[in-house]
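Next up: a single chain in structure tokens, the form predicted alone.
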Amino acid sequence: MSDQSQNAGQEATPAAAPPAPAEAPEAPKPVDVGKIKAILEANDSARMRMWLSICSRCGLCAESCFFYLANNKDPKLSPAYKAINSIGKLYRAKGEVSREFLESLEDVIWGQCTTCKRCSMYCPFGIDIASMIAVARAVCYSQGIVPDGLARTTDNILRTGNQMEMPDEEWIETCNWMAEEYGEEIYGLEIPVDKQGADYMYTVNPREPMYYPQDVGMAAEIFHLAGLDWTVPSTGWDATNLAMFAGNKAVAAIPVKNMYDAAVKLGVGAIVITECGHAFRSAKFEGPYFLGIPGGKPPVPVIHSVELFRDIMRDGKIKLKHKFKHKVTYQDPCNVSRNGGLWDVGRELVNLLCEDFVDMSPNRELNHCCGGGGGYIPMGPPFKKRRMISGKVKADQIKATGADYVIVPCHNCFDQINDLNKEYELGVKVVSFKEIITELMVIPESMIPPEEDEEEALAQEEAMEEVSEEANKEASEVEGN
């Protein structure tokens, strides 16, 4: 029987549509070798050539690296191995590499290094592997290869001037809000905006006005109580610089220029950086080079909050009810201590505030990175698991102190140690210097807000004084005539 007769009397079944052709995979972007060569040539100094040729594979850098120590001493995690197989290969190939190779570097240069520079302290030749990794990051960034979290913050800086794309108007509103809130605790408290000629211009991490506005309020309390002449700028207030860790120097120059321009325009005596590590490194040390400033010095002196708080407490501008009584330890942020030189200043401040301080071991410039620096925290969930694994070195350091509190003058360290606290059940509380100072400071009677009746009476008294002054002024003018 033919097929035709078998189907007689039946409704014809439409033929199945042929499957849609599978979409062809997107072709990988071509590598722009010219850009890579330009970056490599710009960094092809005698020092870079020496670093690439002089390494003796002694292994001392390996024992200094927390990634290596926390991962069963995997030789592929030694700093020398990471440098040789990233920037070393880029130079050997003269920039003529495949996209596949560049993509493989993302894991190494961002996922296995926080550019903390501890390894350079142990290298007998002083090879600065962090700086070499930074060049490799610049190469990858030029080809669009960068962790998403860092790419987002870099785009935000490019579009808005700050890493969290917070409008300047909201920043000012937050300052006014905090001045009102904290003015209920300290009479006369203000957050002066764009005050010309102030001694200090205070700059912040955008996460403070966005998520932790009390940080701004606490700083205002300290500055007001200490009698400082200070201000905040309406623009150029973001001290952070995650583009520096993304590998884009052109974008990294933007927040630094905004900050310097604001300080010069206002004629302030110094720029004060909030309790943030990499912001200090960017503003004081890297920023002038991003902008090509001759001599490598910022146009206005830059100081970290740790320095200013130390001066305030040392000079007795704020009195304490008593010293902090809990057992504390101190986290040396890499960009405040090792790369900023403030390890002793931090300890001096801790001892001015606390009666029971125990140091981590090792400490000061040799302290381990917390594991959250170099852009690691903003790289987000894809990198969190390894951040926790490599952070075990810091967790063990903290646990060995037996401390109840960890003082941390850096936002990235703050987040990382809080995460480690949960991961390894350390049972500690993580605090900033601002929190301890504002908890224990004595508010002079003259700064205690009056009760409502008193406030009303005070307002009447001030109004009467204004009337009297005005009358005297008019009288003087009459007499002058």
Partner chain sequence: MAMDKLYEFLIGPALWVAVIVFVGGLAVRLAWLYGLSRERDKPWHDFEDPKWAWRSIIHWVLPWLSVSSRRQPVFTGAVWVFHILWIGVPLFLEAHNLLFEEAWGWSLPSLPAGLADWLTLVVIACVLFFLVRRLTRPEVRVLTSAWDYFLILLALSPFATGWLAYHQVGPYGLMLNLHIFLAEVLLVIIPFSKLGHLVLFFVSRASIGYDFGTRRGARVW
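Keep in mind it's a predicted model, so treat the numbers as computed, not measured. Numbering follows the first chain given and starts at 1.
Quick note: we don't show the form predicted together with its partner chain, though the next part is all about it.
In plain terms, the part of the chain that comes close to its partner chain in the predicted bound form, with a heavy atom within 4.5 Å, is 293-301 out of 204-212, 230-238, 293-301, 154-162.
Although the partner is absent here, Gly340 sits close enough that one of its heavy atoms falls within 4.5 Å of its partner chain in the predicted bound form.
Although the partner is absent from this view, Ser78 contacts its partner chain in the predicted bound form, with a non-hydrogen atom inside 4.5 angstroms. Interface residue remark: Glu365 is counted as part of the site for its partner chain in the predicted bound form, having a heavy atom within 4.5 Å.
A residue is said to contact a partner when one of its heavy atoms sits within 4.5 Å of a partner heavy atom; Gly188 fails this definition for its partner chain in the predicted bound form, lying far away. Only one of the listed residues (Lys117, Arg347, Arg310, Arg386) places a non-hydrogen atom within 4.5 angstroms of its partner chain in the predicted bound form, and that residue is Lys117. Distance criterion of 4.5 Å from any heavy atom to its partner chain in the predicted bound form singles out Cys58 from the list Val442, Cys58, Ile448, Val33. In the predicted bound form, the residues of 44-65 lying within 4.5 Å of its partner chain by at least one heavy atom are, in order, Asp44, Ser45, Ala46, Arg47, Arg49, Met50, Trp51, Ser53, Ile54, Cys55, Ser56, Arg57, Cys58, Gly59, Leu60, Ala62, Glu63.
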